[in-house]
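The chain below stands alone and is given in structure tokens; this is the form predicted on its own.
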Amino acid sequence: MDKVKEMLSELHSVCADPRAQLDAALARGRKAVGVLPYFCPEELVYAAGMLPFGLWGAEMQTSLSGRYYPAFTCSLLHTALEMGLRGQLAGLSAIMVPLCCDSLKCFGPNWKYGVGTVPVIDVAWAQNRKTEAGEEFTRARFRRVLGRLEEISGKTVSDGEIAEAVALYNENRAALRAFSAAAAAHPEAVSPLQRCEAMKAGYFMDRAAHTAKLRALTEALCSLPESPRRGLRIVTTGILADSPALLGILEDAGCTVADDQVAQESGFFRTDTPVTADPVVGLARRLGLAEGCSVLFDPGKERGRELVKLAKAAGADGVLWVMAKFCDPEEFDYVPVRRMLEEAGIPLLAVEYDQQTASFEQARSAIEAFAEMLRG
């Protein structure tokens, strides 16, 4: 158990000070590219010899970003822009911005005007991502992204190097899936916050190093005796659920995160990139295979069906929807997905999350009442 605690502490340190990872890479002469959510082709950054550095916002009070975004814009973009405006992301060679929601479409121009010194690489993909034409469009757009990355890195990237990066990222995804299963089996050793941090650390570290740490951690977890603790098993869903306060409330209520459908967590590792002759085709195809995220065109609401499957497979007592405040795509998904869960007999609680929230007492009351209801 001490070995598990030590490794979890190391990953916690990465999440507590992501800037240290960026500074270490820059000190070694490695360029870094900021990557906003969601589904940017990080493998292309890695293949170009640069560090993909995740920009998922931060829990902080903003003051400067209000000049560029209205107050009713999601806090993830407010806080990410705020960090740029404050100079906290100095050293990045570029940022990648996916154009998959109205607020993200405005992020690049706001960044260019407010920050200016760090170039923006727009990342677009086909809305009809499952069709042959959609895949070809996405492949062509990703090739344009690769061209920008080659200019910034000063390096010509071969298809072989992209294929190696794809393989490395698929190994990381497999390691994340294995860790997620091991953490769910050992709630006495891994809290909801520690589970989140072990996954989140990969956005700031070199993925190869992250894979090695996850494999060692999973091996240590699997060597532990079977957990005597059952508690309540919860599946989380949403854009991100990385608030220490919120995850602490889950732990206090005796809840284990048995699995998730969170964009920041399993949204990254649930679907591997297919191995294809042209590796950029594989990156485009992965978008067609991915499900469960509100920013992906999903007219049949496969997200709801996938969530029902996840909850049943995990033996979940209920689902917690961590609703990103002011996120239109999430709010549009809520009603149809809630109906699917109701029809399947799976209890659902939605709590609102904002990275600028100072008090979580309303969420605490709701989660504690939900837990008592589940216990029956």
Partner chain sequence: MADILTMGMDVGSTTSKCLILRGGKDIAASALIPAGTGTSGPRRALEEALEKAGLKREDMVCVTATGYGRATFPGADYTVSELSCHALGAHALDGEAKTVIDIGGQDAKALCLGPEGKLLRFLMNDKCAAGTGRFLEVMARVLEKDVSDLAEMDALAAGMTPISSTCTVFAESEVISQLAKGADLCDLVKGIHRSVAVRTASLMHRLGVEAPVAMTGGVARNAGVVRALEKELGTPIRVSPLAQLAGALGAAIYGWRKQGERE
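Positions refer to the first chain, counted from 1. Keep in mind that this is a model prediction, so the values were computed, not measured.
What follows is about the form predicted in complex with its partner chain, which we do not show.
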The single option of Glu10, Asp23, Glu361, Asp17 touching its partner chain in the predicted bound form, heavy atom within 4.5 Å: Glu361
Name the single residue among Leu64, Leu349, Ala58, Ala344 that comes within 4.5 Å of its partner chain in the predicted bound form, judging by heavy atoms. Leu349
Would Glu372 sit within 4.5 Å of its partner chain in the predicted bound form, counting heavy atoms only? yes
Does Arg30 reach its partner chain in the predicted bound form, with heavy atoms at most 4.5 Å apart? no
